[in-house]
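Before any questions on how it binds or moves, here is one chain, the form predicted alone, in structure tokens.
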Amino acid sequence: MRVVAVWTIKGGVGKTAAAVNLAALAAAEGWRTLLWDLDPQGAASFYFRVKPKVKGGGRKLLRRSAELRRWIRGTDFDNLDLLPADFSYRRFDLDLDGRRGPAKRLALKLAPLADEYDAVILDCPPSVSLASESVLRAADALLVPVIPTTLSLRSLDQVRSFAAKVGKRDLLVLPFLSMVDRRKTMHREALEWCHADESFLRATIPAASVVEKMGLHRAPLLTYAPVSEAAQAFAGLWEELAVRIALSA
């Protein structure tokens, strides 16, 4: 089982769109996939038409004796399950802080699912916290969406520093460009600079209205716009990610 966290400290960079589309693509290729919506906003749960509700909340879910299976829900897609969000996740740090070994808690919770899933994708809230530390200790790869702006590139440096400090020793940090508008000079220049960095994945997700319409369709792109530029970009991103995960084994 490979665990991929989609996380950055900057919001509004296409994080959930990436998590949802990558989960759908993984499932379509036959990977037994679990998407865990860790964001209290519950956008990923909304896209998959699952109520963002965990009975007992995050505090109960984090108990050592509580099995994640009881909260996992099926989706309309073969091979794809969802562990929904809950508004109580806004207190995840406090709930973790009250546990023994909080930084290892998410890895501990996911471990019993190793024989049931090939891939687990974590859609994480944009913050730096104890919950983020626990995510980085559970993940095999960290996927970091970066939009071509100064502040987003700066946040990538902060993410790399934090991941190096608290993440697993062999954690892969894989940034990719998101919401790119090639009509903008700054975006074109950032694209050239980022792709000179070998750690960046080559796939580039465009700024496109078809991605924004995910909220209207409540579905990933492969269901309503499979031949769009954005859908093809996400497919390329998944192909690169799958290769990198295999190489990390």
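One rule holds for the numbers: they count along the sequence shown, beginning at 1. These numbers come from a predicted model, not from an experiment.
There is another form of the same protein, the form predicted in complex with a small molecule; it is not shown, and what comes next is about it.
Chemist: I have Gly14, Asp39 and Met179 flagged as a candidate spot, so tell me whether each of them has a non-hydrogen atom within 4.5 Å of the small molecule in the model of the complex.
Modeler: All of them do, each having a heavy atom within 4.5 Å of the partner.
Chemist: Heavy atom within 4.5 Å of the small molecule in the model of the complex: which of Glu67, Glu29, Glu212, Glu192?
Modeler: The residue from Glu67, Glu29, Glu212, Glu192 that makes the contact is Glu212.
Chemist: Pick from Pro84, Pro175, Pro126, Pro102: which residue has any heavy atom within 4.5 angstroms of the small molecule in the model of the complex?
Modeler: Contact residue from the list: Pro126.
Chemist: Out of the stretches listed (181 to 189, 55 to 63, 195 to 203, 41 to 49), which one is close to the small molecule in the model of the complex, meaning heavy atoms within 4.5 Å?
Modeler: Every other range fails; the passing one is 41 to 49.
Chemist: Look up in the model of the complex whether Ala207 has a non-hydrogen atom within 4.5 angstroms of the small molecule, and give yes or no.
Modeler: Judged by the heavy-atom cut-off of 4.5 Å, Ala207 is in contact with the small molecule in the model of the complex.
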